[in-house]
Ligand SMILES: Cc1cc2nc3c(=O)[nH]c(=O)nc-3n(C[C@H](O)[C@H](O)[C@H](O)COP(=O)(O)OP(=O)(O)OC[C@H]3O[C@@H](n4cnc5c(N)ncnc54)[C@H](O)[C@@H]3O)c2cc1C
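Quick heads-up: it's one chain on its own, the form predicted alone, in structure tokens.
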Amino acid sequence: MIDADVVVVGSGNAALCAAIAAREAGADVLMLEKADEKLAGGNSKYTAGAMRFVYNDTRDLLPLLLDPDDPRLPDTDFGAYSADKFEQDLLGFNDGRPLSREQRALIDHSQDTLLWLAQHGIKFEPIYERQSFEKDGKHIFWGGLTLAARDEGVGLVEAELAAFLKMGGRIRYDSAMVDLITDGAAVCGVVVESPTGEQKEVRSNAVILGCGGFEANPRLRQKYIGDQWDMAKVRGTPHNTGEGIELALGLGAKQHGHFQGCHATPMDLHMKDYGNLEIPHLERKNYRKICYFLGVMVNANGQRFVDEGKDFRNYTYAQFGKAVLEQPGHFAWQIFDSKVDDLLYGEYRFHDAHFSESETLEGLIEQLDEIIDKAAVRRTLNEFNRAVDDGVPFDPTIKDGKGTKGLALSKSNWAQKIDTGPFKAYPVTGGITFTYGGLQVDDRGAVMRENDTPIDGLFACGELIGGVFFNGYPGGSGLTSGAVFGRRAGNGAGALAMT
């Protein structure tokens, strides 16, 4: 007896896009979620809700906007984000690898997938607060990232879930997948377990795995990424523990992508694990600390360890969390002066933000108890200040070339002397968001075996897909990837289930 034409495991952005697409194909779709209703939505709920996609100008954005009559629009320069630029941005994180098939699909289907979401009532708002600066009376967007869902990741998941339920979809909470059911070589359902340990079979014509990577599993983090990764704060859900990947590999699925890589963001050193689920989502995001490009970061030895101004933070934050975690004690200090205080994002003024402050730089350094060598941090800051090129104007709307001269580790852009009190220092660590290694899928979203044949009845999307990201990623492309490959898997599973 069939319980549903298609079973979708997980309830985040990728899983929901898969479920919507499968319903479009006419399939009866049942979504199974490990968490209870309050904590459902996977990692997507913990994101800022931004989505990166190809567009030519403002006209391409208008069909996606929740409020196309926003009075700020006439005074906004969104620029453009071409397919070539998206390709260059991804290649910048590939460590010399050519563009993968998955990356090509992400680029080619980014815009039409956003339009598809908009047709289902899932629309977006310009990210004025985080992605633009005012210049000459206009809002200038930077970094190729322009739109996010209202209420960020929570709003995105809620809008997608509402669309799915409106289409007649079904969802069951407190239903953790513990096994895949097979009939010969084909997958024909899943075994789920309730919080009380009761197990039940759920039969279907196709199964879509959209239940995330292994970032919340310390054993798998250590196995694939490295020993120090048991110290990482888990920024998102505690439920992404890798069962989908491990069960598929147990059926002979092909391991694919960069298992040693992950998205890791600088986070408040004193945040609780799993993004602090006790507080509202809109506050959880404030544990991120990604304005390092406006100041400097020093480790416990008082040394800088990254080029804070290497690029727009959209292109560095997923790498710099890893860099922080690799420092002595797995932490660093972000140091700013008052010249940039009004440019720091709201996360730095959040009521629970941890920081030290002093009217003098010497007074600030004395407060940094975790610094082993305070003389070293004095030297680092003095050398940095002497190296700043005062002949180039500071401009946060562009890569301004205002760098340092003569340092072994330069700051390439937005370098200003740290010389105007009051001074502030924020302690940060690395917070893991999602993992990069996963499964290989074909153009239908079907999971592939080691011999490059599909596992009948098994599809995958979202964080379970390998080959999309390697040594980092341009911000906002994670949710877009989930939507692109979720839609693909839903189309594939829906077509199979209805034949």
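The numbering used is simple: start at 1 and walk along the sequence shown. These figures come from a predicted structure and were not determined experimentally.
Unshown form predicted together with the named molecule; subsequent notes refer to it.
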Within a 4.5 Å heavy atom cut-off, is D89 in contact with the named molecule in the predicted bound form? no
Indicate whether G462 is a 4.5 Å heavy atom neighbour of the named molecule in the predicted bound form. yes
Does any part of L30 reach within 4.5 Å of the named molecule in the predicted bound form? Heavy atoms only, please. no
Is there any non-hydrogen atom of G430 lying within 4.5 Å of the named molecule in the predicted bound form? no
Of 115-123, 250-258, 134-142, 232-240, the segment with heavy atoms within 4.5 Å of the named molecule in the predicted bound form is residues 232-240
Since exactly one of V54, L64, L439, A35 fits, which has a heavy atom within 4.5 Å of the named molecule in the predicted bound form? A35
With the named molecule left out of view, choose which of G445, G466, G42, G457 has a non-hydrogen atom within 4.5 angstroms of it in the predicted bound form. G42
Taking the named molecule in the predicted bound form, which residues along 46-65 bring a heavy atom to within 4.5 Å of it? Y46, T47, A48, G49, A50
